[in-house]
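Heads up, the chain below is alone and in the form predicted alone; it's given as structure tokens.
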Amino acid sequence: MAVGVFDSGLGGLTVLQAAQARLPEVDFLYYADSAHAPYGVRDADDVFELTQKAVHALWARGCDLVILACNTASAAALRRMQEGGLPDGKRVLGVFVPLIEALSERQWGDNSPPREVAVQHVALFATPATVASRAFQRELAFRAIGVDVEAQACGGVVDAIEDGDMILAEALVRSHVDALKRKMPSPQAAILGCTHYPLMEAEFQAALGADVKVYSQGALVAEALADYLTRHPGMLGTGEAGYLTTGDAARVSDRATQFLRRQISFVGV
């Protein structure tokens, strides 16, 4: 009985690790579309087609509930899939909403009108595709008013992380934070709008300064998932736990083991 977790590559492991810690009794089947990563430089139609294919693969393996642990996929595909109609008994959830609920000081499922919140100046660090979609700003507008969001497309960061070049990733983080600060000198909060970026959370925090609150998605998504499964226990499905990739399984396993500091073995699909 497993919940599906999907990402274009390895960034979703940050969400998976938090979910496993929060829900040790739940099995998870992780699917990395490493052959087509990164998604952040692809157009919306391409991301939608790739995401839909991966979600259907997880459904076919018995995962009735799939978490899109990828902000680019959540931005480009989630609403489109939901509006197009999902098969009976199948659900897809994204990673934006738990983050926005935390930022806008809301409980899960609070659908009251948008209101003013304490944080007024927010820096959003995300992939070029997520920034272009403006999905974060759209979802935030449903819940909060008067929030100034300055988005910074962080080209190259995901590629560096996937390649295991953390020195380059750190340099790119500093460069992107500098670029953001030229547009918004004093952000109150920063959103790490890609599930790869928590791997560089300390570097983002150092570049932004200690007075900026950095929001990362893993724990927030895990808590939202725990709440969802409490209300929908039948969504655990019949799938088996494991790690799947469309890429080179040995290489992906090595990178995953490096990131999580424990042995992870992927199987090719």
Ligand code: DGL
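Please read all numbers here as calculations on a predicted model, not as lab measurements. Don't overthink the numbering: it's just position in the shown sequence, from 1.
Although it is not shown, the form predicted in complex with the ligand is what the next lines describe.
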{"item": "Proximity to the ligand in the predicted bound form (heavy atom, within 4.5 Å), stretch among 163-171, 112-120, 190-198, 144-152", "value": "190-198"}
{"item": "Residue 218: touches the ligand in the predicted bound form, heavy atom cutoff 4.5 angstroms", "value": "no"}
{"item": "Close approach of residue 158 to the ligand in the predicted bound form, 4.5 Å, heavy atom", "value": "yes"}
{"item": "Residue 31 within 4.5 Å of the ligand in the predicted bound form, heavy atoms", "value": "no"}
{"item": "Interface membership of residue 38, the ligand in the predicted bound form, 4.5 Å heavy atom rule", "value": "yes"}
